[in-house]
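Starting off, we have a lone chain in the form predicted on its own, written out as structure tokens.
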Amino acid sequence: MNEQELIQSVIGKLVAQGVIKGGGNTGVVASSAPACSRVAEGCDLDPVTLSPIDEVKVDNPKNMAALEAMRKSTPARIFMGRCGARQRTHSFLHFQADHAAAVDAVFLDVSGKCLEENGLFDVQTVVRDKDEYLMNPERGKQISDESQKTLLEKCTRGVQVQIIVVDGLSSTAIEANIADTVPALVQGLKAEGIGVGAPFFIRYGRVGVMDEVGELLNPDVVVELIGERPGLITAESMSAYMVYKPHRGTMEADRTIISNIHKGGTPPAEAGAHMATVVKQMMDFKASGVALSKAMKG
């Protein structure tokens, strides 16, 4: 089957199983799995009580219809209005709320409840805490000795595809997306006849940690789901990095990437099904990244 047929087939099966809900142009909406979302303790500002940020706040516009059309075309902060030389209270409060969400995404850890609900056991890099993680990026690419032993005990070496979930720079992105993405990815791979190892979570990890997983477990392909750096538009965006035969020294050009995975970008379930088709291409051409693009064109 072609990619669109596979995506629709995967989404259809997940809807039938109750893993996700049907609806919308893409055929999916938010997960029906138990929510992993959190509200920061002690936070008195609830963005839900504010008027919508997508309203046009310009006073006496000459063409309101044109401004509303432009406002709907982008999530950027435009037409927010002003009070003299300053931004309005409405705009300032939204900025504070979105900035707080971005900070929380970086500094909060993925909860144990979320990992349990999604059937993920966790291991850790050599990083000891969040401060070290932010100050020493290279250490986020190395799996601790204890975690290596855990992986060798719990994982099967030499599988075709190994899925790993990594917190990266947004725990919020992981909690918001993996409940839909991982099942869709696994279902899609099975539909393609591709074997999958047991997914697991790596705490305090960077993109390059997938290379250590490749060295340790020797899969054909590693798929890494990792939280992206949060911004003021969303703190929930996740990326998928995929590499054929990753190893220490893998070049960035060898990584195939799907980014902007969240409810306002590529829906998680659709992204998971799409990843399965990309992995199938990697298996067929025995390549990833730039090499895969060249092989497919040639």
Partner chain sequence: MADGSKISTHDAAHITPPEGAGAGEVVISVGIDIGTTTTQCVISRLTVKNTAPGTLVPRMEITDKEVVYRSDIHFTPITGANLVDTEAVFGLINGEFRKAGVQPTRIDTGAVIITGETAKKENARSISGELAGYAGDFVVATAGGKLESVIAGRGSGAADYSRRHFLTVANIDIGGGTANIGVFKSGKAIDSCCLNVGGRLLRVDGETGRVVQVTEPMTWVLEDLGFSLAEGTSVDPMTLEIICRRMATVVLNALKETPPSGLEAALMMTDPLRLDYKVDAVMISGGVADHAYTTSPCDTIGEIARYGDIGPMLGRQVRQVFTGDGVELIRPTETIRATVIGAGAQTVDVSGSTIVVSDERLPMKNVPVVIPFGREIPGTPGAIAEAIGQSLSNLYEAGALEPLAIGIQGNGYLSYARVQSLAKGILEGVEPLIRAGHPVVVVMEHDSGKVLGQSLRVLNPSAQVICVDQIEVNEGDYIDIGRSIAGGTVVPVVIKTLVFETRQA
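It should be emphasised that the depicted structure is a prediction, and the values quoted were computed from it without experimental measurement. Positions refer to the first chain, counted from 1.
FYI, the form predicted together with its partner chain isn't displayed, but the following is about it.
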message: I need to confirm a contact call. Of A179, L217, A101, V123, which residue comes within 4.5 Å of its partner chain in the predicted bound form, counting heavy atoms only?
response: A179
statement: Assert contact_stretch over 157 to 165, 76 to 84, 183 to 191, 127 to 135 against its partner chain in the predicted bound form, heavy atom within 4.5 Å, equals 183 to 191
task: Please run the contact check for D254 against its partner chain in the predicted bound form: heavy atoms, 4.5 angstroms, yes or no?
output: no
- prompt: Even though its partner chain is not shown here, does Q8 get within 4.5 Å of it in the predicted bound form, heavy atoms only?
  reply: no
- prompt: Is there a heavy atom of P267 no more than 4.5 Å from a heavy atom of its partner chain in the predicted bound form?
  reply: yes
query: Quick one: does R229 come within 4.5 Å of its partner chain in the predicted bound form, counting heavy atoms only?
result: no
In the predicted bound form, residues of 236 to 261 near its partner chain [heavy atom within 4.5 Å]: T256, I257, I258, S259, N260
